[in-house]
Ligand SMILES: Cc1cc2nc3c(=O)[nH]c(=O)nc-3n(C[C@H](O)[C@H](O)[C@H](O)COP(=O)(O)OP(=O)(O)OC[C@H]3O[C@@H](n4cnc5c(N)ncnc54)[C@H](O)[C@@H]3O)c2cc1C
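Form predicted on its own, single chain, as C-alpha cells, below.
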C-alpha cells in the first residue's frame, strides 16, 4: 500500500457521501496491454473510456484510490473555459485559435454533462460570478465579446439583482453562466470507474509506479509487486505526481487550495444565499461555494504554493474567510461551525494551460489542468486518445504552450509572489469601489 500523503489523510465531505467498493487488488505479476494509463483521476478515467470505445486494450495504475486526488475533492463546478484567462490565450495564439480552444473546452463540458445525464446523477445548473468591485462597463464588454466572438451567451446582473441573491456588502455586479453546473465531484470518478470495470478494463488501485523504461516494443512500467508491458504509456498524474514521473515532474507545480463544508446552518444560510447557483467570485484566488444537503455550505478558496495540511488550522482559516463575507453566519461561539475540511493539490504549468501531447515516442502526458480540470481533463483525454489511435491531431492545439520548466526550487516562490500580487490588486479595486 502506498504511504498516505498528508493531504489524503483528511476526511472530505465527498468521501462521507460515497459508497466505495472494496479496494481493488494491486497489480501482481506481469501483464501486457496496448495502453497503460498512470492515474485514475478524471483524465485517466476518461482516457480509458475513450480508448475502450476505440477497441484499444487499456489498464490504469492508481497509486491510491480512484478519485483520491484533485479529481475527487474539488469544488464540483463545471463550465467551459480554461484556467488561463481568455485574453492571455488570445494574446499567445490569436483569436481564431483561441476560438478553437474555447470550442474544445465546451466539448469537454458536454462530455461531463452527458455522462452525468446518462447515469441519472443529479447536478444543479447555474454558476454566478459576482465582482468584488464595481465593474458594470467591464462586465458588459466581456459578455458582449463572448457572444460576438465565441458564440457563448452569458447573463448580466446589476448590483440590486446581486444583493437580492447574496446578502453581503462584498459584491457588486455579476455575470451568470446559465449552462454551467455543479455536482458531487467524487461521484463522477466512481461512476466512470465502475463503468470501466464492468467493461473489463483493469484498474489497479494502491499500485504505485516506481519507474518506467523504454523497450524495443514500447514501455515497461515497474510497480511494487509487478510490471506492465505496453505499446504506449500515458501519464495523467496531476498535482499529486511525484519524482517517479521523471522529467515530466519538472514541467508543473503542485498548488494548494482549501475546501470546507459547514455543519447545518438552517435559516442563516437560506437568508444569506437566496440562490442554488454555484458562486465563484471574479478574483484570481477568490472564493467558490455552493449549498449542499440543503442547509450546509461548501466553501473553497485561497491558492498557494506552500499549502497547509492540518485540518484544524484549515477549518479555522476558512471559517474566518467565510465570516468576512457572510458575518451573519457566525454562531454564539464567535465562529462558523465547520464539519469537514481538506486541502487539495492542483497541477499548474507556467502558462496555466494543460500539458497535453507526446513527451517521447509513445509516451504521452495529459496533466496540469490548473484548477479548471472538470471540463478540460475529459477533452484532453479525448484528444490524447485520438492521437494514440492516429485518428486526429487535435492535440496540436496545445503545441504553442508546450511543456515549460517549472522553475525548480524557485518555482513555488515565483508562483506565490504572483498570486499575492494579484490579491493586492483585488483588494485595491475593492477598496476603490467603496469610495
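Computed from a predicted model, the values in this text were never measured in an experiment. Positions refer to the first chain, counted from 1.
One more form of this protein exists, namely the form predicted in complex with the named molecule; it is left out here, but the text below deals with it.
Using a 4.5 angstroms threshold between heavy atoms, residue 131 stays clear of the named molecule in the model of the complex.
A residue is said to contact a partner when one of its heavy atoms sits within 4.5 Å of a partner heavy atom; residue 370 meets this definition for the named molecule in the model of the complex. At the 4.5 Å threshold, heavy atoms of residue 230 stay clear of the named molecule in the model of the complex, well away from it. When the named molecule is considered in the model of the complex, residue 188 lies well away from it, no heavy atom lying within 4.5 Å. Partner contacts here mean any heavy atom within 4.5 Å of the named molecule in the model of the complex, and among 36 to 44, 382 to 390, 398 to 406, 51 to 59 they occur only in 36 to 44. Only one of 253, 192, 209, 297 lies close to the named molecule in the model of the complex, with a heavy atom inside 4.5 Å, and it is 209. This chain is displayed alone, yet in the model of the complex one of 339, 244, 107, 149 has a heavy atom within 4.5 Å of the named molecule; that residue is 244. Heavy atoms closer than or equal to 4.5 Å to the named molecule in the model of the complex belong, across 321 to 353, to the residues 344, 345, 346, ordered by sequence position.
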